[in-house]
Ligand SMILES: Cc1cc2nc3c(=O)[nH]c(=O)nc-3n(C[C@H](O)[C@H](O)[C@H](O)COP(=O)(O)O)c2cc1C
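Just one chain follows, in the form predicted on its own, and it is written as structure tokens.
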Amino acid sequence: MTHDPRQLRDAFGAFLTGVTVVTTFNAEGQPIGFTANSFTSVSLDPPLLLVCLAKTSRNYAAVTEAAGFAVNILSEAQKDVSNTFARPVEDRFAAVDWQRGPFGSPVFSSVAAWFDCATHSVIDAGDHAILIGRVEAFENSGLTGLGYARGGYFLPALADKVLISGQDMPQVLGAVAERDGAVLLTETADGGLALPALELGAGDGVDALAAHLVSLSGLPVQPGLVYSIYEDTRARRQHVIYRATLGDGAATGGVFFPVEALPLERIADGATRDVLKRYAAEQSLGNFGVYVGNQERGRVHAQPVRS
């Protein structure tokens, strides 16, 4: 059986992971590194871990032939480090504070944890190699790690804080649901437009929003990450808006509007207009943020999408 590579990659991306930077030195003694989220612990006795490296990587030969490597688990404040090491930047290490670890590979400051490893084995695995390292030294800072899922970053501590803070008021879940560059909006009783949304009942969770989108549109739904969390101080409601992707087929409800031509004049709610304006701007760049605040003011926490 053959699978569409892009669809398979998207399915793998449903698994929430942390973000690491794997580092070592090349034969010329220069530090090299790459961003990886295919990391896991393997064994406590002996202490083993693994990461995966694409055979097409320009670092492939140097990393697989090195005597050791380090795995730096990035903290929530290090999205810029992840982006730097995911792209062909000339001097990646100039953007990070680092030193040689006890076993000799580069380890970073301000990470959630680092592991300095001896290369235990390199296993061929299709278009990747599995690097198994024996942990020779490690440090755990206690900082919260940076999260990654479905092509974007998320901040676990931030999400927990803002969602818990809203538990004393009703919650409304909404979605910016997109397909092929168009966003699904619902028509209101007065002829206006709104985002698909529902108020959570007792015992409901995010699955209720996905079910609502399916019921509304009649289309497959791929839930995404949190996009906006704000309190409506007048109505005493907390709004949590997610990104979502809708699948193929004829929609049975709602209306699709191109992202670049959203009819904002038909949307009475100012906070919803702001959400859609920001989405249109960020979608054109491919960099999405998470807004946290109220219906009038707040802060966008940058959550860039890795290339």
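Here the structure is a predicted model, which is why all the values come from computation and not from measurement. Position 1 is the first residue in the sequence shown; the rest follow in order.
Another form exists, predicted together with the ligand; not displayed. Remarks below refer to it.
Using a 4.5 Å cut-off to the ligand in the model of the complex, not one of 69, 120 and 130 places a heavy atom inside that distance. The single contact residue among 264, 280, 52, 42, judged by any heavy atom lying within 4.5 Å of the ligand in the model of the complex, is 52.
Exactly one listed residue, out of 148, 108, 227, 230, brings a non-hydrogen atom to within 4.5 Å of the ligand in the model of the complex: 148. The closest heavy atom approach of residue 276 to the ligand in the model of the complex falls outside 4.5 Å. Within this chain, residue 115 is remote from the site of the ligand in the model of the complex, having no heavy atom within 4.5 Å. The ligand in the model of the complex comes within 4.5 Å of a heavy atom belonging to residue 87. For residue 34, a non-hydrogen atom is located within 4.5 Å of the ligand in the model of the complex, even though that partner is not displayed. Heavy atoms within 4.5 Å of the ligand in the model of the complex map, among the stretches 54-62, 251-259, 238-246, 267-275, onto 54-62 alone.
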